[in-house]
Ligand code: HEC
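To begin, one chain is listed below as structure tokens, in the form predicted alone.
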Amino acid sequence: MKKLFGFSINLAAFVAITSMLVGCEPSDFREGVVMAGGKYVPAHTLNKGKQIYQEYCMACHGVNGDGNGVAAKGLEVPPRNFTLGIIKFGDVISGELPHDEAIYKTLEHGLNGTAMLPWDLKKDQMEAVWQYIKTFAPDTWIGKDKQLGKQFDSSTFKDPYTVARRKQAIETGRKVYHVEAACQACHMGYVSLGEFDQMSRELTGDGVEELDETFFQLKTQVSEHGYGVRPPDFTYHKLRSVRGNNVEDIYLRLLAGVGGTTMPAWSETIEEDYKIWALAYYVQSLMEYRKSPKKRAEFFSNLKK
């Protein structure tokens, strides 16, 4: 028994009361940890991150970071479950651990088509909250043996087309999309039977007699996030990790893929970099139909004639 303000209390009660008096919850961090890539994060940074998380993130992502916050049920796109340790939009090959800077971009710009808004956080605040979020998946993030993926650096990107050869890029990308990469296997097709047949004969030597019944449909895919994922229709949906209609952002997403989904890193499949750039330009051209529902309707009407 101990004396506190003249009263006798047991040890458990003493610990609980003194914790409240110093403003320290039992779950607060008292020691720093080493994160993936050898980054040491002190306890005060983790505690600061926890406070920021509780203020800005907990309503959607939940107390335990599992995506089950009080606001989650009202959201069409489920909040990220951080306990899985899966990051969809990192500037590394999908499946590898991203560098902190990739997450800071998401915090700064948000994600299109979701409730993830741009947050006006200072650099030290972004660092603190992200380091705290990592603690929801300790097996993924904590430990000096955990390695980060090789980061794609957009400053080194060399666009072989640029605006001057955009038309050529789009035409090449159209063929890559439908024949070489067969993107319509998950997304949807954007050419007629005649066009598809012609492209197929040109690139493979084999023609196409008919289109699959799902050719113009989106196909829901299995994901590691605990729910099905429907790929975007580029003429209608906003791309979540792309700011505006930026071809470099599209190129990066094609290079890296989307973590935890069936969207592959095309840098591991398509050897010729110019083809990935062409594919990015083609996707960008499809996104322009979002500006005019009338033109979009006419586009699809002509494809199915």
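Sequential numbering from 1, following the sequence displayed. This is a predicted model, so every value here is computed, not measured.
Keep in mind that the form predicted in complex with the ligand is not shown, yet the notes after this line are about it.
* Using heavy atoms and a 4.5 Å limit, would one call residue 230 a contact residue for the ligand in the model of the complex? -> Heavy-atom contact with the ligand at 4.5 Å: present for residue 230.
* Asked: Contact between residue 103 and the ligand in the model of the complex at 4.5 Å, heavy atoms?
  -> Yes, residue 103 lies within 4.5 Å of the ligand in the model of the complex.
* Asked: Can residue 172 be called a contact residue for the ligand in the model of the complex at 4.5 Å between heavy atoms?
  -> Flag for residue 172 set to no.
* To do: State yes or no: in the model of the complex, is some non-hydrogen atom of residue 88 no more than 4.5 angstroms from a non-hydrogen atom of the ligand?
  => Yes, residue 88 is a contact residue.
* Asked: Counting only heavy atoms and a 4.5 Å cutoff, which of 77-85, 157-165, 141-149, 198-206 contacts the ligand in the model of the complex?
  -> Result of the contact check: 77-85.
* State yes only if every one of 46, 93 and 136 has a non-hydrogen atom within 4.5 Å of the ligand in the model of the complex; otherwise state no. => Zero of three within 4.5 Å in the model of the complex.
* in the model of the complex, which of the listed residues (115, 218, 179, 97) lies with a heavy atom within 4.5 Å of the ligand? -> The option sitting close enough to the partner is 115.
* Asked: Considering 254, 36, 41, 247, which brings a non-hydrogen atom within 4.5 Å of the ligand in the model of the complex?
  -> By the 4.5 Å criterion, the partner-contacting residue is 254.
* To do: Could you list which residues of 115-137 come within 4.5 Å of the ligand in the model of the complex, counting heavy atoms only?
  => Residues within 4.5 Å: 115, 116, 119, 121, 129, 130, 133.
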